[in-house]
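Take a look at this single chain in structure tokens; it is the form predicted on its own.
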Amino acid sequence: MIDTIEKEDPVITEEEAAQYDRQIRLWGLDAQTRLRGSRVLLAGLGGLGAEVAKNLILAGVKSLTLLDHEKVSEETCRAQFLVPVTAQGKNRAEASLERAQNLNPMVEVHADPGRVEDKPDDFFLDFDTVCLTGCSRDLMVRVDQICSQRKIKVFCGDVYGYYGYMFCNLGKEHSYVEEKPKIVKPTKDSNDGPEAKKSKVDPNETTLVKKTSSFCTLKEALEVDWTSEKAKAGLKRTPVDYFLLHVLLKFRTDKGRDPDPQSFTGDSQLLRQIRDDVLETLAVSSDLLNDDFISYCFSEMSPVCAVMGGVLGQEVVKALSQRDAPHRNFFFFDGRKGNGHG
């Protein structure tokens, strides 16, 4: 039987209280203390991974492990601000370490140049949260299943050109508190008429409300039976980006990479073919996803990485601090329209 590591109760020092004063005022000491005791694994140090790393380090987690076996390329330098331009050919995690650590010396930042695919199951149990970027569908499903059995929070995300997505699994029962306007109840001895006896919202005061949410696994989220009546009824409310994600993950599985601008013509034809095959396999209309997406899903766009890194980083912070309502499983961003939806 594999045991997870034993955690010490985190304590906020005076120095940390000064460093995180603004955040403590925003979401409270308890939330910051939970963050300060959290160990996070981040796999994939591309453009999106760098944005997520920056946000988690500045938020003040206990430790962040950067895991990536890839080498720094010219494209990495364009999309990723943690690696110096002189680091081409070096490991991406190791090349990102110095700048990442300099963001916040109070956070323990580690670099692991290994392959996430080669890590044994018990490797992931040393963390409170695992965040996967640039990974294959099979790997994400595997890690999600390992972690969900041990109540470890899992996040997945990617950026494909103008498109980005995030998935989170916080378990069957995730507890959090949400700040709501305080409801002022009338006093029993009020004699000012019926209006005075109604409860009113006090805009100057808030109260914390305890809530819980339930999450499905990534496998369940991706393997919806679209022939069922329940799924058909929800099809109109399902973002088309969900089906686009299926196409892009299938491309990554088949080719071992993402669409490449240097192979634009061939990859465009392959994306079109995969789109047709995926929609047929899912038993949904072939008109659901037209050809427009093909020209806009190449490379990591830095502005999209910034948006998705902000969303993904904030969701990890909310989950670890148990403060505010999380996104329920998926969040999609379309940079062409400039909007996001879950």
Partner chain sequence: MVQLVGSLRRELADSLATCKVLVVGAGGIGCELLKNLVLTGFKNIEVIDLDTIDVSNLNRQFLFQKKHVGKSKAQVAKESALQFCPSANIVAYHDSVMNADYNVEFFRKFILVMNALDNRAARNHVNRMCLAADIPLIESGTAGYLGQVTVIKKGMTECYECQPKPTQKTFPGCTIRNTPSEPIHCIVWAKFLFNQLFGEEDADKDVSPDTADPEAAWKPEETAARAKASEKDGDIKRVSTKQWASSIEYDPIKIFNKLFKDDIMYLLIMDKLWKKRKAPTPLNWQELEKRACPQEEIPVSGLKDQQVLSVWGNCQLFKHSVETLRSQLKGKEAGAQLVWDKDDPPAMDFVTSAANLRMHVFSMNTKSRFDVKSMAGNIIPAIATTNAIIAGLIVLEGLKILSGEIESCRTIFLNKCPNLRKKLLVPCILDPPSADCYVCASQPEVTVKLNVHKTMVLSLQDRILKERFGMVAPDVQIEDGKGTILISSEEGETETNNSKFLSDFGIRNGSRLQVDDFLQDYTLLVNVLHTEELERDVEFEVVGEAPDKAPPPQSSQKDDNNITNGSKDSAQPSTSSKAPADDSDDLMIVDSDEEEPVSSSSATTASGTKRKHPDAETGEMSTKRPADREEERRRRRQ
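Positions refer to the first chain, counted from 1. No experiment lies behind these values; they were computed from the predicted model shown.
Keep in mind that the form predicted together with the partner chain is not shown, yet the notes after this line are about it.
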### Message
Quick check for you: of 63 to 71, 35 to 43, 276 to 284, 304 to 312, which stretch puts a non-hydrogen atom within 4.5 Å of the partner chain in the model of the complex?
### Response
304 to 312
### Task
Look up in the model of the complex whether Thr265 has a non-hydrogen atom within 4.5 angstroms of the partner chain, and give yes or no.
yes
### Query
For Thr227, is any heavy atom within 4.5 Å of the partner chain in the model of the complex, or not?
no
### Task
Indicate whether the partner chain has at least one heavy atom within 4.5 Å of a heavy atom of Pro239 in the model of the complex.
yes
### Query
Ala79: heavy atom within 4.5 Å of the partner chain in the model of the complex?
yes
### Task
Go through 283 to 300 residue by residue and record those having a heavy atom within 4.5 Å of the partner chain in the model of the complex; state none if no residue qualifies.
Leu288, Ser295, Tyr296, Phe298, Ser299, Glu300
